[in-house]
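As a starting point, one isolated chain is supplied in structure tokens, in the form predicted on its own.
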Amino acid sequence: MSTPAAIRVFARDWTYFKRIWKSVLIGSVLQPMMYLLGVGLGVGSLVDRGADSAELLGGVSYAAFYATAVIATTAMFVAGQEALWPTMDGFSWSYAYRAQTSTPIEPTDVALGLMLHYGLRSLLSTAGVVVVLTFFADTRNPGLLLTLPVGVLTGWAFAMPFAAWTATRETDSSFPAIMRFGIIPMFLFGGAFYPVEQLPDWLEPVAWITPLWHGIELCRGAVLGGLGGGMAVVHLAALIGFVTAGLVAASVTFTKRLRV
């Protein structure tokens, strides 16, 4: 049986990535460690002094509340950026995808192969955060293992729509705007730093429709509890919906770009 075409596409990215995966994994441990020390423990020590902080945070410390969100935010940053500049390289700078589709490999195979690559990057970055969270008693429990697939889903929920967009661009001029006006606002208002119920009433529904909020809620619920089965299904269905829509969009835009 021959190797599936998507695996062949993934193998090209793996050839490059296996040269740097150790440094990427080390960075995936050190970066969340600094975030947790600075924000989780530093700011958290101030927040936890508040009289009603425990009630607002669901009975957990601020360090635990914030730390569990870092799993999803890390997947968002890593996979989202991977679907922009590195993916643009394959379209416009190295023309790797054009070369691949000059063989029997189809544009949809390229999209699926990249999806595997984004999934691997999300898994490694999420695993780095999980390792860090095992150092803290408040977050050290078996639920951390459940956050690994959630991290991959969260990464795909951003990477696949971004890859679809990248396939339509000739330059990377729009990418900084995506980071400034898309990723950063979601990072700030998606429930990582405080419960979205603290947002103004008109802004709270905006957080509900972001994939980051669903990823954070699943990670937080898996580690800290308090998430009902019904809501877990809703969050999971939302993430799968974002991934499916992104994959369909990528299949369309990749085909238009690479079949001209």
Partner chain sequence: MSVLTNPAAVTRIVPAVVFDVKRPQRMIERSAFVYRRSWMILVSGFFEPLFYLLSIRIGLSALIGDVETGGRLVPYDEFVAPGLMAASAMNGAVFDSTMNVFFKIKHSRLYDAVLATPLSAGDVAVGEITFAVIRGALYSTAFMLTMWALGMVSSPWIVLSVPACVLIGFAFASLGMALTTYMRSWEDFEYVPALTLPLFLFSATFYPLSQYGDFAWAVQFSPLYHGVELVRAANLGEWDVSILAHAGVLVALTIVGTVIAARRIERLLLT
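All values reported here derive from a predicted model rather than from experimental measurement. Positions refer to the first chain, counted from 1.
Below: the form predicted in complex with its partner chain, not depicted.
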item: Heavy atom of Leu37 within 4.5 Å of its partner chain in the predicted bound form; value: yes
item: Exercise: Gly229 in contact with its partner chain in the predicted bound form, heavy atom 4.5 Å; value: no
item: Partner proximity in the predicted bound form: Arg180 to its partner chain, non-hydrogen atom cutoff 4.5 Å; value: yes
item: Contact of Pro104 with its partner chain in the predicted bound form (heavy atom, 4.5 Å); value: no
item: Contact residue in the predicted bound form, from Ala99, Ala137, Leu145, Ile184 (heavy atom within 4.5 Å of its partner chain); value: Ile184
item: 4.5 Å heavy atom contact with its partner chain in the predicted bound form for all of Ser92, Val223 and Val233; value: no
item: Any residue of 40 to 59 that, in the predicted bound form, places a heavy atom within 4.5 Å of its partner chain; value: Gly42, Val43, Ser45, Leu46, Val47, Arg49, Gly50, Ser53, Leu56, Leu57
item: Pairwise C-alpha change, Gly27 versus Thr134, in the predicted bound form against this form - closer or farther, 3 angstroms or more; value: farther
item: Relative Cα spacing, Gly27 and Gln81, in the predicted bound form - shift of 3 Å or more; value: closer
